[in-house]
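Only one chain is shown below, in structure tokens, and it's the form predicted on its own.
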């Protein structure tokens, strides 16, 4: 056997092996590689979308949290304002009530003072009448005497 014939046989066998590999083995391997490439690309794209969605969700969460804080601050401010208004309103009512009670007490004192004057006037007139009766027992008529005392009481009062 010559080296040339062996070499030609090996070349034919190699070519046949290459052709069979290219025809039957290579296409499924390439298809599997392409399919795997597509799956990896889809996975990477999904991971990127997930990262973007996480960033958007974080931004949205921060926005919602900020809005909630602002709203709670607004509610607290409103409640504080209302509490201050209630305190002021209570102070005003207490002041009005105090003034009303003071006026009522002054009116009661005035009423009692007038009543005491009237009682004193009656007692003075009764004492004067008794004294006059004792002094003048029968010199003056009772009706005239009462009229005189009434006029005197009006002048005093």
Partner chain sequence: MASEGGATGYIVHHLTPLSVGEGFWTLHLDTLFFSAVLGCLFIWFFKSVAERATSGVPGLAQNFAEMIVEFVDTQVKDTFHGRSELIAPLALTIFCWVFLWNAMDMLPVDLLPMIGSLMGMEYMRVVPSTDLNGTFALSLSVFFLIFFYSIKVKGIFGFIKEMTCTPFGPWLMPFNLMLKVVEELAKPISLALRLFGNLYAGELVFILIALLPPVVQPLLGFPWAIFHILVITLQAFIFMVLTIVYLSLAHEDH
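Remember, it's a predicted structure, so these values are computed and weren't measured experimentally. So that the term is clear: the rigid core is the largest set of C-alpha atoms that superpose within 1.5 Å between two forms. Residue numbers count along the first chain shown, from 1.
Below: the form predicted together with its partner chain, not depicted.
This chain is displayed without its partner chain, yet in the model of the complex the stretch 35-43 from 35-43, 109-117, 66-74, 50-58 comes within 4.5 Å of it by heavy atoms. Contact annotation: residue 6 falls within 4.5 Å of its partner chain in the model of the complex, judged by heavy atom distances. Remark: residue 98 does not count among the residues lining its partner chain in the model of the complex, judged by a heavy atom distance of 4.5 Å or less. Put simply, residue 148 is far from its partner chain in the model of the complex: not one heavy atom of it is within 4.5 Å. In the model of the complex, at least one heavy atom of residue 30 sits within 4.5 Å of its partner chain. Using a 4.5 Å cut-off on any heavy atom, the residues of 5-22 that reach its partner chain in the model of the complex are, in sequence order, 5, 6, 7, 8, 9, 10, 11, 13, 14, 17, 18, 20, 21, 22.
Once you line up the core between this form and the one not shown, the Cα of residue 40 ends up 2 Å or more from where it was.
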